[in-house]
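Single chain ahead, written as structure tokens, the form predicted alone.
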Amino acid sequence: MERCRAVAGRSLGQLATQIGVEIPDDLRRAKGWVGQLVEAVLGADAASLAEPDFRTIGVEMKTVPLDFKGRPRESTYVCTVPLEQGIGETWATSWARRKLARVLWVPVEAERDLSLPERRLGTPFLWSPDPGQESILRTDWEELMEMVCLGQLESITARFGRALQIRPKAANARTMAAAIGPEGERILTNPRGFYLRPSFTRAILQQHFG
């Protein structure tokens, strides 16, 4: 948290200069760059491992791009959906729950008229779901995973889920993963990810900052 207080209000350009990394011209060709920059500055150590970003303290980090009114501009990626391995899994043991158990939220300016180096970080803060939020997340996860395990994956759209939704998650449409088909058969489909709706993350921001 001392590191978090030190970066609050600093620009992405300042942080990139601090650790000697190049600033991309366009985030569309460097997706995830902002998160990787902040992770490097704050000392995240999980890299691509299936563990929370700060392994020794069990904290996951999520950057939240905001418009000039402080509203999240997009949904927040949580983790991949276990398309074949989800049978028998529960919310309590799920990777989604572990990812969301303790989160360091890092607000970031993301107005289009601000150049990437000019965009500043807000004040990062730690969050864990309260009982009401946990109940919503659990219900969404259980309903969505039931559809996945019953072979109804292709029927799931972004409209499902109050807080948690399932959406395609792949670099391109050619990336494929094994899943359960309508008749219980093994099929190939695009990988999917769990995402938090912007309305849910906005409520978290309002809860913290008032």
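If you're wondering where the values come from, they're calculated on a predicted model, not measured in any experiment. We number the residues from 1 along the sequence you see.
Heads up, the form predicted in complex with the DNA isn't pictured, but that's what we're talking about next.
**Student:** Do heavy atoms from each of Gly35, Ala171 and Tyr195 fall within 4.5 Å of the DNA in the predicted bound form?
**Tutor:** Heavy-atom distance to the DNA in the predicted bound form: all three under 4.5 Å.
**Student:** Evaluate Asp130 for contact with the DNA in the predicted bound form, applying a 4.5 angstroms cut-off between non-hydrogen atoms, and reply yes or no.
**Tutor:** Answer no; every heavy atom of Asp130 is more than 4.5 Å from the DNA in the predicted bound form.
**Student:** So in the predicted bound form, does Met61 come within 4.5 Å of the DNA, heavy atom to heavy atom?
**Tutor:** Close contact exists here: in the predicted bound form, Met61 approaches the DNA to within 4.5 Å, heavy atoms only.
**Student:** Any of the heavy atoms of Arg138 lying within 4.5 Å of the DNA in the predicted bound form?
**Tutor:** Close contact is absent here: in the predicted bound form, Arg138 is far from the DNA, nothing within 4.5 Å, heavy atoms only.
**Student:** Indicate whether Ser94 is a 4.5 Å heavy atom neighbour of the DNA in the predicted bound form.
**Tutor:** No, Ser94 stays farther than 4.5 Å from the DNA in the predicted bound form.
**Student:** With the DNA taken in the predicted bound form, which residues across 131-169 come within 4.5 angstroms through any non-hydrogen atom?
**Tutor:** If the 4.5 Å heavy-atom criterion is applied to the DNA in the predicted bound form, 131-169 yields Thr157, Ala158, Arg159, Gln165, Arg167, Pro168, Lys169.
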